[in-house]
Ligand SMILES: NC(=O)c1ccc[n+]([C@@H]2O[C@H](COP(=O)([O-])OP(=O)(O)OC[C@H]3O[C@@H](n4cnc5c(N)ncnc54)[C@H](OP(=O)(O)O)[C@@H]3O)[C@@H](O)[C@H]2O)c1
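In the form predicted alone, a lone chain appears below as structure tokens.
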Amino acid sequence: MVRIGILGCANVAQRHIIPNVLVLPEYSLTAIASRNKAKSTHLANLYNCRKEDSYESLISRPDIDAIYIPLPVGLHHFWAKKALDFGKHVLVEKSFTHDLDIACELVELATQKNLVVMENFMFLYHSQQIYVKGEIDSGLIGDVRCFRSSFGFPPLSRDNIRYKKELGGGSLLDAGAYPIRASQMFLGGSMSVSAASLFVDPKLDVDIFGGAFLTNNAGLFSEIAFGFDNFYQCNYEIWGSLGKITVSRAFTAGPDFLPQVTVEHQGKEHKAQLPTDNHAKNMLREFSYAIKNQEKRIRFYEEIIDQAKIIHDVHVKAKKVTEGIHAGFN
């Protein structure tokens, strides 16, 4: 059983992680920490666990094996490093960090200490992805030619952490991370960035929408788009030589949602109605399994670095476009 501590009372922790930790036999919820004492007390009473009034005191507890970090991206480096230094396995909300060098540093530290670090993309563990991979492997749509994905949503309150540069805000790290990770899931981890565009709000100094063109070693490509101030989109499509597969709720299929996958083949369209699934619960099982499995642990290390490298390269490729947009507002 993994004795886990929750470092912060973010919405994602309360909606997706804690409820599933409580029902999984692989886990024991040991303690919750918040800088808001009233909130940590309330949640500890609600979930029948210990409460800590500081992140430091939670991380240093000897009765905790793993730490879940749902804090803003800009705080991940400090607290993930501290948790690893105390010998804890670490589950971190996406994006893992805001910087490639930091991602490499944390992975190296985890490797030295033989600890798990995992970037939380729950959608990877939803059964609809298994269904799609099965359809591709069956040859139904022929050879894969192109992957396309969009993830974005309407404007948020301007005090939202996603708009705060000092906390690692920006649409690339938040929304763009999903289609990037999905591209790697279907086209492999050898992706590179050929072109990218980021629209940076000159007042907030964070990117609020953008896109990129990625390619792999086999010459296949991915077209992605993302943003905060956009019409809602949450999809991907895989175009093949004989057909196409479209997933309309790719990244946010909750446990009560019935996914529908559209398959087009030889002029016919079929909508496959799939069963509900709990990708948060599946992800937590993967995390606990990695604690006991060295091969899976190493795979997580590689995935973190591959993801961080692409995000870094999107920033680099998009720099001139960003500067040009800034100049247009001056």
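All of these numbers come straight from a predicted model, not from anything done at the bench. Numbering starts at 1 and runs along the sequence shown.
The following text describes the form predicted in complex with the ligand, which does not appear among the structures shown.
- The candidate site formed by L124, S149 and I224 is entirely out of contact with the ligand in the predicted bound form, as no residue has a non-hydrogen atom within 4.5 angstroms of it.
- Residue heavy atoms within 4.5 Å of the ligand in the predicted bound form occur in exactly one stretch of 226 to 234, 193 to 201, 212 to 220, 156 to 164, and that stretch is 156 to 164.
- When the ligand is considered in the predicted bound form, only one residue from L71, V247, I141, L106 comes within 4.5 Å through any heavy atom, namely L71.
- The shortest heavy atom separation between D207 and the ligand in the predicted bound form exceeds 4.5 Å.
- At the 4.5 Å threshold, heavy atoms of Y55 reach the ligand in the predicted bound form.
- Contact check for R35: a non-hydrogen atom falls within 4.5 Å of the ligand in the predicted bound form.
- In the predicted bound form, the ligand sits within 4.5 Å of a heavy atom of K94.
- Shown here without the ligand, the chain has no residue in 251 to 282 lying with a heavy atom within 4.5 Å of that partner in the predicted bound form.
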